[in-house]
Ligand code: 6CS
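Here we start with a single chain on its own, the form predicted on its own, put down as structure tokens.
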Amino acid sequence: MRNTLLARTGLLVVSVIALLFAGCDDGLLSDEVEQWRFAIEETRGSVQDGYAQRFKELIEERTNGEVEVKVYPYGTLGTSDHVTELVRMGTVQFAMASPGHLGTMIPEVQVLLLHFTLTDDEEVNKTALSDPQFQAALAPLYEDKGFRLLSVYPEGWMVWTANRMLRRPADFTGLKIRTMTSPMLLAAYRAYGAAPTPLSYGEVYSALQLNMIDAQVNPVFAIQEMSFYEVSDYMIFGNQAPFITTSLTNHAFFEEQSPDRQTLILEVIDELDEYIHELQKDYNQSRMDIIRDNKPDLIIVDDLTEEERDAFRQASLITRDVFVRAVGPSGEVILEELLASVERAKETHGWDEE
């Protein structure tokens, strides 16, 4: 079975490569224009699309048209696993790689999936995730797989939509909630008593509609884009974790660039850190307004008490042990680095939990 799956994956990747290099309008350009391919895990109009489109705009502008960036939305080049394989091979130069998928290749990156490791403050969390020491700890893990880590950023709080009220871990008992395939996400929801059910992103709407699952979790903009709220009765903000993704490039590709080009890429990425932080806030707020207008009878819960949230926090702590046991010593190091970056970010912002 595993060999068959690998063979099918390999055939799809080969087919995608053939398509990319065929003589169509997104294939190779003339000698005067170099093409960089950027694959994202979300649809047009998403936070990741906003990031990639701004990257495209800045790169093309600052190379005076010598480089064209082609952005590929979700599904165009296969699954997220296929995309990361294409980046590893150098066929695609840039991509978004969220921990829920990348964790099968780089287990340590699943630290970004753990609940209640960050704060309730988005500014503090942004600073913690962009902390140079934390990213320096992650970078060698990416290099070992042929990637160069470019950035780590949040796309907004992960929000539950469900067919029942969810205010405490006991409410999750037996709940069939869709998650990505990461073992850490499965462990996180089992810790609440749920029955996590991995499904591809494109299957979630119909699964909710047909009552194959009871709930799902995503940022607000994704819930609106994919219309998950249409087939849910409740929308609950637990602030247990933001959705975090990473942008990366092929390591060999980056090293082959001239010093000026390398500097340009890194400068654009630095600019995008602040840009995407503001964009995701705007996207999530505007999409929340659309959800409220389109489904006024949706029950929106954004008032969990500190006692209720603490029950989730306490239940989630076991997943840290699960993470360390599953990943090993390197996992413990990465977890410590993340928690230390959060403490430094709190000091930077003068953040007081009280």
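This structure is a prediction, so every number in the text was calculated from the model and none was measured. So that there is no doubt, residue numbering starts at 1 and follows the sequence shown.
Just so you know, the form predicted in complex with this ligand exists too; it's not on screen, but the next bit is about it.
Practice task
Select from the listed residues 161, 80, 110, 280 the one whose heavy atoms reach within 4.5 Å of this ligand in the predicted complex.
Solution key: For this set of options, the contacting one is 80.
Problem - The single option of 129, 265, 138, 180 touching this ligand in the predicted complex, heavy atom within 4.5 Å - result: Looking at the other structure, the residue within range turns out to be 180.
Handout entry: this ligand contact in the predicted complex: residue 221, any heavy atom under 4.5 Å
Key = Yes, residue 221 sits close enough to this ligand in the predicted complex that at least one of its heavy atoms falls within 4.5 Å.
Problem - this ligand contact at residue 151 in the predicted complex, heavy atom, 4.5 Å - result: No, residue 151 sits far enough from this ligand in the predicted complex that none of its heavy atoms falls within 4.5 Å.
Practice task
Would you check, heavy atoms only and a 4.5 Å threshold, whether residue 250 touches this ligand in the predicted complex?
Solution key: Judged by the heavy-atom cut-off of 4.5 Å, residue 250 is well away from this ligand in the predicted complex.
Problem - Non-hydrogen atom contact residue 48 with this ligand in the predicted complex at 4.5 angstroms - result: Taking the distances in the predicted complex, the answer for residue 48 is yes, it comes within 4.5 Å of this ligand.
Exercise for the section: Choose one stretch from 61-69, 318-326, 37-45, 301-309: the one whose residues place a heavy atom within 4.5 angstroms of this ligand in the predicted complex. Expected result: Of the options, only 37-45 has residues within 4.5 Å of the partner.
Practice task
Pull the contact list for 228-243: residues with a heavy atom within 4.5 Å of this ligand in the predicted complex, in sequence order.
Solution key: Only a single residue, 243, comes within 4.5 Å of the partner.
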